[in-house]
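Structure 1 and structure 2 below are two forms of the same protein chain, each written out on its own as structure tokens.
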Structure 1
Amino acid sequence: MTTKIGILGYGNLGRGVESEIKKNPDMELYGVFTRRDPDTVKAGLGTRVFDIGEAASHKDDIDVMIICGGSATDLPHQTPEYAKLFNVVDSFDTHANISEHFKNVDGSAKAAGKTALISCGWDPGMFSLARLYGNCILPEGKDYTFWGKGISQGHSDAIRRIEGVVDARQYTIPVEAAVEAVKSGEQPELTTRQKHTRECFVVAAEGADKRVIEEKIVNMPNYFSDYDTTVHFVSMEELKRDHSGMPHGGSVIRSGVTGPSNEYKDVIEYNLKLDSNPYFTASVLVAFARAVARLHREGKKGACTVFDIPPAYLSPLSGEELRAHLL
């Protein structure tokens, strides 16, 4: 069965979703919906581009709408709104606000009889599953998550929302000593500040007060206030030359013990090294969109997370094929 996908938003993530859909023969891209003038959007060959205001008129043509906005200001409003019209998938990644976002989306989706998957990607998303498996398998232990070194789309977007910022890139960098201590099985107590640093490269508008911009960055709750954050102001030329890629990655580590007297140290590690954050995230969203379409056909209504998705639902293969080739 072919799943028809819509893309809401056509930035880095939206372009990634467009690309990755083509690698899935059981999926079809219906079109892209944008806030920009559709005539100015250079989408891929054969991709239809619609004004976002037209979305409602296509609600019966799309199986799943993948919402590709930013977590800071777009998704808190877009996902609940479009869950009234479509089955949706988003990549909301502000961990502190996931419960509130879930509640808002759940209400909209249930009222409309739709299925909505929130906070899907690699973290939250694949890393969340790694944490869940680790906790279940090693009930006596501690979780550690390290991100980077890499560019965070969500944090970079949050900086760009600050008045006076033209463009920005933010790198998350693990503290190597903390990583090695965890891998040794020591189970150290680490504060947020001890695990990561953040480094920002910012292009300021002409005449903007750089001191004010820096203060807003380093004091931003949920993003920078709990970390040692360094801000560099650079030219647009330098930003494009040195920071145009979108690498990222990281690891989830569960350090625990087994044995009658907890004498055995065990470490579970799930690691990602990504050349392109948005394209990998897009791949995750596309796979989970398949699952959302299937859940909706089975009658699932309301919001869900990656914890609620049976692993087999991510695959186009049958149960028999999965058992034969992957089990």
Structure 2
Amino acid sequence: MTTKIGILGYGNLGRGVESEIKKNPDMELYGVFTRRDPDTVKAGLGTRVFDIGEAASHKDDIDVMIICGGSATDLPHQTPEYAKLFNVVDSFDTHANISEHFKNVDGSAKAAGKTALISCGWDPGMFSLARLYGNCILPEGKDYTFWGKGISQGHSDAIRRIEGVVDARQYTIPVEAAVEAVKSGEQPELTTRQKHTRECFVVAAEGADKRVIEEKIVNMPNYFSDYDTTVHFVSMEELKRDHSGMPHGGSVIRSGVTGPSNEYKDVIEYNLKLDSNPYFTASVLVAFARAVARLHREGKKGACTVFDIPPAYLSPLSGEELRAHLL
């Protein structure tokens, strides 16, 4: 059975989904829906590009629509809206608003008889699963999440908004000593500053005062003031040459104890090392889209998260094949 996928929104993530679908012989890309003029969009070979306004007229041709908008302004209205027409998957990642988003999407999807998976990707997503399994298996323990080394889009954007900054990239870097302490099973208490450092590569405008820019960065509340931050000024050429990738990753570690007197230490670590954040996220979305199509065929209606999906549903293989080859 082939699962037909639509892509709504054609930025980095949408292009990732377009690419990763091709690695799954049981899936087919139906087309891309964009807010831009379709004639101006350069898509991959064989990809059809539609105006987003036409989406409704394709609702019976698509098994799952993967919504590839941003969490800040797109997904809060797009996912509930398109869940009225399609089974949907999104990567909503504003942790504080997940409950509200779930409720909105659940309402739309239930009313329309559709299946909707929200907050899929790696964090939230695979990291959430690592936290859940870890918490259930080791109820007495502590969670640690380290991010990086990787590019933080939000922090890079925050630097770019400073006067005199032409462009910037910010790397979030876990503190090696903190990671090692956690992996030893010690369950240390760690401050924000002890867990991550931030390294910034900044292109300054000609004549801008670099000392002032650096001060503004390292003292920026929420983004940088709680961290040890290093600022490097580089040329635009250097930035493009050395910092144009989007690597990311990190670790979720559950450190817990077992034994009648809690005498045994156990450490569970889930670790990702990704050359490309958006392509890996896309790859997760595609696997979960397969599960959403199956849940819908079985009659599931409403919103769900990665927590609700039996792992076998992510695979094109039968239960018998999975037991024989992966168990």
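All residue numbers here follow the sequence of structure 1, with the first residue given the number 1. The term rigid core refers to the most C-alpha atoms you can superpose between the two forms while keeping them within 1.5 Å. What you see is a predicted model; the values in this text were computed from it and never measured.
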Which of these two, 1 or 2, is the form predicted in complex with another copy of the chain? 2
G164 C-alpha moves between the two structures by 2 Å or more, core aligned: yes
Just checking, between the two structures and with the core aligned, does V202 shift 2 Å or more at the CA? yes
Would the C-alpha of G107 be classed as shifted by 2 Å or more between the two structures after rigid-core alignment? no
Between the two structures, how far the Cα of L239 shifts once the core is aligned, in Å: 4.4
